[in-house]
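Form predicted on its own, single chain, as structure tokens, below.
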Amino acid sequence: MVKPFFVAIDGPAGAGKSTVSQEVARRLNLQYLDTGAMYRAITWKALQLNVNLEDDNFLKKLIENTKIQIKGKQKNLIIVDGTDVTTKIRTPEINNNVSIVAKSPVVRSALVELQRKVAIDAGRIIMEGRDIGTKVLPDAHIKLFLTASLDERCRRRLKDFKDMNIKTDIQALKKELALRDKIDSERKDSPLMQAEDAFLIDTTNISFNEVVDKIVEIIENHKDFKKQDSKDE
């Protein structure tokens, strides 16, 4: 029987949550879950159907008739109704609309329930998003809040798009991220905020490996954490 151990990482878009969390999960042999990808998946399907993204009644029906599967331990594959949408949900169009869908109470309620189930089933997990430490896993063993300056987050997102051969403009990115910050922070249901007992890590001027090393150290020093090799599972 695996003793549960939950790590919650929150923060705004572009702070480095996903890449950092995946590497920490790899080093410590933890399950990883990108909860933002689940909201992106619902956004992708809603856009495919060309619906009003602020219509809660339609979103309720949509989510009730959508099957989301998360596959993979440290790198998530996102499957929607049998279709692999892992790369499809990383486009500027999704970025520009996901916060609108994510503020819907009916969407959040359904996905939070699914996220908690994933955590319970996994037992040992590092979960990242916007409301993990405050809403999804309020009793997580460790909570962290990653942030970075808006300029630095824009630089990182621009690099991500270039790597995917997606053309975009730095000013458009800055406007998009600022708007997402506003929507995520001001929504009534589970707004983006740092949990009172979360470690704050500003990643603006420190390297990726330094961030990962710091988080690994925090986890390994927790009294309830015991590193497991894959063969022990």
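Start at 1 with the first residue shown and count on from there. All values reported here derive from a predicted model rather than from experimental measurement.
We do not show the form predicted in complex with 2'-deoxycytidine-5'-monophosphate, though everything after this point is about it.
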| query | finding |
| --- | --- |
| Candidate spot Arg40, Arg108 and Ile132, all three touching 2'-deoxycytidine-5'-monophosphate in the predicted bound form (heavy atom, 4.5 Å) | yes |
| Close approach of Val98 to 2'-deoxycytidine-5'-monophosphate in the predicted bound form, 4.5 Å, heavy atom | yes |
| Distance check, Lys45 to 2'-deoxycytidine-5'-monophosphate in the predicted bound form, heavy atom within 4.5 Å | no |
| Any non-hydrogen atom of Leu144 within 4.5 angstroms of 2'-deoxycytidine-5'-monophosphate in the predicted bound form | no |
| 4.5 Å heavy atom contact, Arg90 to 2'-deoxycytidine-5'-monophosphate in the predicted bound form | yes |
| Contact segment among 51-59, 64-72, 166-174, 180-188, judged by heavy atoms lying within 4.5 Å of 2'-deoxycytidine-5'-monophosphate in the predicted bound form | 180-188 |
